[in-house]
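One chain comes next, on its own, written out as structure tokens in the form predicted on its own.
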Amino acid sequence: MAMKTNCLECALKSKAALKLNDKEIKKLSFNCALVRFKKGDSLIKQGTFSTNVAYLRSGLAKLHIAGPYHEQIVRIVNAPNYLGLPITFGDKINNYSVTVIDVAEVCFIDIKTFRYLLRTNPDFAYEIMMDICRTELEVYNRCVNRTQKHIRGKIADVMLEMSETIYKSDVFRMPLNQEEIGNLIDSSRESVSRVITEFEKDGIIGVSGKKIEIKNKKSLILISENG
């Protein structure tokens, strides 16, 4: 269920929203709805018409695309982050899906309001463009890693991303199952399971259900670097 927002008092504003003046913030607040989601809920569906830009205020989500043979997870998105920015400038049809993989709060911003702010506030537009550029570079790097690294290097990358970027801790709860990890790195569930077992036997990580503990980060970094 959507809730009323007060963007003026929000402590989780994006870098772009911090560039807005009070009048613009009020306009944003009037054209924005805050919604809470649980794991497994869909935020954006591929192929549907979009009238909003989504701002992941808290939580975690996966961005994925339905391919000719199977689903491809493009990246994991952690808050705070915008979702659906490409349709702001181009196609009105969502070209990918976004699904919650942890409890999340999302602000849905009317796309006409978002475009108005882009046109009238250069600093806001600059931050949004920087966000798009960072995301594009991340996708390029991930594409290179997928095609050139071996399975051990790919799994090491996933573990390090969870530890250093998403949870900022060497102990975390893995939000993806082994099949989803395989979709993320272009590998089979069986291969993912084998490598995780090898890492555990080598004392690199500890596994207890969904809980992962990185015990030897230096070795994990070396595996990542050597591919």
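Numbers follow the displayed sequence, beginning with 1. Not measured: the values here are computed from a predicted model.
There is another form of this protein, the form predicted together with the DNA, and it is not shown here; the text below is about that form.
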Open item on the list: Give me the residue from Lys45, Lys168, Arg189, Lys26 that has a heavy atom within 4.5 Å of the DNA in the predicted complex.
Closed with: Arg189
TODO: Name the single residue among Ile151, Leu118, Ile73, Ile111 that comes within 4.5 Å of the DNA in the predicted complex, judging by heavy atoms.
DONE: Ile151
Task: Per-stretch contact check against the DNA in the predicted complex, the hit in 27-35, 174-182, 158-166, 52-60 (non-hydrogen atom, 4.5 angstroms) - done: 174-182
Open item on the list: Using a 4.5 angstroms cut-off on non-hydrogen atoms, would Lys210 count as touching the DNA in the predicted complex?
Closed with: yes
TODO: Could you list which residues of 190-219 come within 4.5 Å of the DNA in the predicted complex, counting heavy atoms only?
DONE: Glu190, Ser191, Ser193, Arg194, Thr197, Lys201, Lys210
